[in-house]
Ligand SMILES: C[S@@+](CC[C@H](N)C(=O)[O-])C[C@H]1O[C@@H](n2cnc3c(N)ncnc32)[C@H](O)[C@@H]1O
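Quick heads-up: it's one chain on its own, the form predicted on its own, in structure tokens.
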């Protein structure tokens, strides 16, 4: 079941690559929605890793848990019905992925949970949110390598002697902000 917007595969793949999430990783996800990103993260952390999924909406947690159960990944995820902007109870985290409207408000609680050199990525729909997050992250002086990206994907129509871009493309879906944690 899906009640929220999922992050498109073009953005999701880029987020995974930058996050350096792999077998054994400990990952925080802020904003679970229906569990699409949660399932992908759970797959990549493997049986030895863990995803700590923070979500305020209990209905979303139930839907995400049900969806994860269907694909057999529910045992790799711990759901927390908490506001990631106020409290993170986990520690020694390798990466945090945020899909919330105001991720700058989660940075202070994340700082206590992240291990040195951990990655933090955020998916945002507007450039105003990107600016606010980047400025806030730089002001904390706890993060380095702060960058913002937009991924555009265009398929080509290939025929003999007639190669051209398809008329439709997956254009703007959102922005990805990356940063690496230095220290508190």
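Residue numbers count along the first chain shown, from 1. Remember, predicted model here, so these are calculated numbers, not experimental data.
There is another form of this protein, the form predicted together with the named molecule, and it is not shown here; the text below is about that form.
- Of the candidate stretches 150 to 158, 111 to 119, 33 to 41, 132 to 140, only 33 to 41 has residues with heavy atoms within 4.5 Å of the named molecule in the predicted bound form.
- Although the partner is absent here, residue 60 sits close enough that one of its heavy atoms falls within 4.5 Å of the named molecule in the predicted bound form.
- Contact check for residue 76: no non-hydrogen atom falls within 4.5 Å of the named molecule in the predicted bound form.
- Proximity of residue 94 to the named molecule in the predicted bound form falls outside the 4.5 Å heavy atom cutoff.
- Heavy atoms of residue 7 reach within 4.5 Å of the named molecule in the predicted bound form, making it an interface residue.
- No residues of 124 to 146 lie near the named molecule in the predicted bound form, the criterion being any heavy atom within 4.5 Å.
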